[in-house]
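Below are two forms of the same protein chain, given as structure tokens: structure 1, then structure 2.
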Structure 1
């Protein structure tokens, strides 16, 4: 399969190339990137699985390839690792005309993207995602960030890649838990944009068989939805882009409270989406039927949704979320499958729903 989705922004555009063909990739990259100096940033897990393959791929095309690997997992998104990348890049002769390659999952995309945005005041970078979550969501849209001790994604920048290459062959090495992790973000797009996509996913998960064509379709569908939002609200200034944060306010609090060790991001988002649906039901924004549909699809995807919380701690953490304003927590809430609304919710109501979990 080959499909190209173009992201049109005010000052420029770039392509999301969905293809397993390296010829397709190089025909595009040669138009977008003029340098032969590449700095591949990956994590220790991907380095063992795929780094040699990618290095050889570029070297056969006469690229000068340098690499750096940071620790795998959410803990990789740290100031310490970012500093390590700056030092490694200087040591290896990476200059402002070089191009960084983010080769891995969402953690690598975020960290390598922030590195590219800030190294020598900005160098080009390309996203080559290797996980379902990164392919369907985080590699697109230009959000880059690292975590600090008390909150997630607080230090970051909007910085768009020159190209995103999605090669679904990389999914073959993913364990089931990582596939499910990415499925959460795909399900998110059904909840916020498309009741037909919801029905497609429900039928797919009920049959318990997902083919490579299904993965291609789900990824392209998700990327298309995100592209439309990013084009209208690239830097989240008019509120439109906020809708794709459905479930994320609670999810980020959950990840922070558990020190990024208990949950993968998608697992936390699944719990967060159910919390947002419950909050929507409490506020009478949606009917019981809608809440039930949200819970049904998350259950079909086999997410563990019974996570306990400390209500006061979670309220405090959500207030520190970067989407909160003047101490008021902004939530993306659901009215029906395919229809959402952004709304500030009072502390009392949030606490009430937190205590009812």
Structure 2
């Protein structure tokens, strides 16, 4: 399959190409970037699995390819690795006309994106995501960042790629837990925007087998919704982009409380979306039926939703979240499948729902 989604921004536009065909990719990349000098940034896991393949692909098209691999996992988003990338790039003769390639999951997309935003005051970069989470969500939208000490995404920039190439063949080597992790963000788009997509996902997950065609479809749907939001609020200035943070306020508290060790981001988001639905029910914004539907889809995707929290600690962590205003926590809440609203919720109600979990 081949599908192109174009992201239209104020100053420029770029394509998200969803295709397993390398010919499709090269016909687009040749139009988008003029340089033959590439700097592929990946992590040590992906380097073992897929880097040779990608290098050969580019070399056959006469590109000059340099590479660097950083440590895999969330720890990879570090200032130490960023500094390593600057050193490697300089050493290998990467200049301001070269193009960086972020080849990996969200960790690589965020780190390599921030590298590209800052190296020699900004060089072009392309996203080639290899996890479901990165394909369906993080490779689109231009948010790049690294973590500093204990704070996540503290140093970063909005910096859009020149092109995103999504090739779902890379998912063949992705562990099941990581697939489920990405599924959470896909499910999120159904909850926020699309009751038909919800039905499609419920059907798919009931049947258990997910084909490559299904992955293409789910990824295209998610990228299209993310694109629409990013086009309206590229730099999160008018509040419209906040809608895609459904479930994230609780998820961030959960990730912090468990030191980013116990849950993958998508797993925390799944639990966070159920919390938001519970809060919505408590505030009578949605019916019991909607809450049940949220829970049903998350169960069908086999998320473990039973997790204990310390209500006071979670309230305080959520208040520290970037999205809290004047000490009140701003939540994205659900009215129905496909309909959400932003609302500030008082501490008492939040505590009440935290205690009833």
Ligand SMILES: NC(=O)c1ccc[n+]([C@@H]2O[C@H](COP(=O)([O-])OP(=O)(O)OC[C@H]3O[C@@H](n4cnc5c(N)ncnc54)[C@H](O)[C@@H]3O)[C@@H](O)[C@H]2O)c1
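Residue numbers count along the first chain shown, from 1. Source: prediction; values computed, not measured. Rigid core (definition): largest C-alpha set, two forms, superposition within 1.5 Å.
Each of the two structures shows the same chain on its own, and it is structure 1 that derives from the form predicted alone. If you fit the rigid core between structures 1 and 2, you'll see the Cα of residue 16 move by less than 2 angstroms. Core-superposed comparison between structures 1 and 2: CA of residue 315 displaced by 2 Å or more. After superposition on the rigid core, displacement of the C-alpha of residue 202 between structures 1 and 2 stays below 2 Å. Aligning the rigid core leaves the CA of residue 345 displaced by 2.5 Å between structures 1 and 2.
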